[in-house]
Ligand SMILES: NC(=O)c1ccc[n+]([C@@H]2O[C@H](COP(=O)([O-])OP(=O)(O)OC[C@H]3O[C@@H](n4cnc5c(N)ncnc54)[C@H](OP(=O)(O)O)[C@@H]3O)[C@@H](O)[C@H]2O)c1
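A single chain comes next, written as structure tokens; it is the form predicted alone.
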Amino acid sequence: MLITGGSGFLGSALVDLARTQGWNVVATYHSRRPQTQGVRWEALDLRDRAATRALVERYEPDVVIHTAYRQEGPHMAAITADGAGAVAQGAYVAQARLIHLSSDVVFDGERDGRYSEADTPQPVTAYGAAKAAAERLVVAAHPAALIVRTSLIYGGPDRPGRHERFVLDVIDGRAEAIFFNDELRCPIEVSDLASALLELAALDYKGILHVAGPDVVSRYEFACMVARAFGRDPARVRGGPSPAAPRRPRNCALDSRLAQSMLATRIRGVRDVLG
């Protein structure tokens, strides 16, 4: 199994779980080589499309799970969109099962209810546009790929991710922010997502699949739950509406019933995990 972005939050969870399940794991990193033993680590710059394709083809993996991305900055499109296309090209040549991680922010967030796999992406942010472009490039290069759209990935008190750390930074005075009470997401715990992805690796389902948590919560509600889970006072969390500009997707709730019907993995709601 080849896991891109193996040094990241989701990638490292996938590396750990795949090893326990008996996979021979090759994982990539960008700048800092992780110290995890029993893994073949490869440095990879997704901006170098030829090197990206060559790496995938060289290992001839059975499965590729592409988690690497860049959320902002001048190289975001080259890494998040074009890099994903290069990974898909290499996976196609290697005849590998490809799972590509995408995002709920490919939608504009202006509808009522939840988005299904049949809804058309209409991104309103640069990152959302890069993720939507990545989906198109992946499908064009590897028609049998599985594109998994997910939401906010968190880890809880035992394995906090960047979303929890940011909430704590704000509460503890290291950063300043207002958490939006009109921006809705479906947070998913990182080990639940990793387990679901490894289960999907063994299936032949292709196309688009939504894999997110069952609970729809606002950014503000999520921040309050993080505060309580980490022993902070939720009264210190400031909430308010999202700004009119720059425009942000508000309701990005995903309908994950199709994934739930085919997975043995139980995707827990954030209220169950964080309380």
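We number the residues from 1 along the sequence you see. The structure presented is a predicted model; accordingly, all values stated were derived computationally and were not measured.
Missing here is the form predicted together with the named molecule; even so, the following discussion is about that form.
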Quick one: find which of 65-73, 224-232, 239-247, 202-210 has residues within 4.5 Å of the named molecule in the predicted bound form by heavy atom distance.
65-73
Which residue among Arg162, Arg111, Arg159, Arg136 has a heavy atom within 4.5 angstroms of the named molecule in the predicted bound form?
Arg162
Within 4.5 Å, heavy atoms only, which of Val106, Ala194, Leu98, Leu101 is in contact with the named molecule in the predicted bound form?
Leu101
Close approach of His142 to the named molecule in the predicted bound form, 4.5 Å, heavy atom:
no
So in the predicted bound form, is the named molecule close enough to Tyr29 to count as touching (4.5 Å, heavy atoms)?
yes
Give a yes or no for Tyr127: in the predicted bound form, does one of its heavy atoms lie within 4.5 Å of a heavy atom belonging to the named molecule?
yes
When the contact criterion is heavy atoms within 4.5 Å, does Val216 count as touching the named molecule in the predicted bound form?
no
What residues in 148-163 sit within 4.5 Å of the named molecule in the predicted bound form, counting heavy atoms only?
Thr150, Ser151, Leu152, Ile153, Arg162, His163
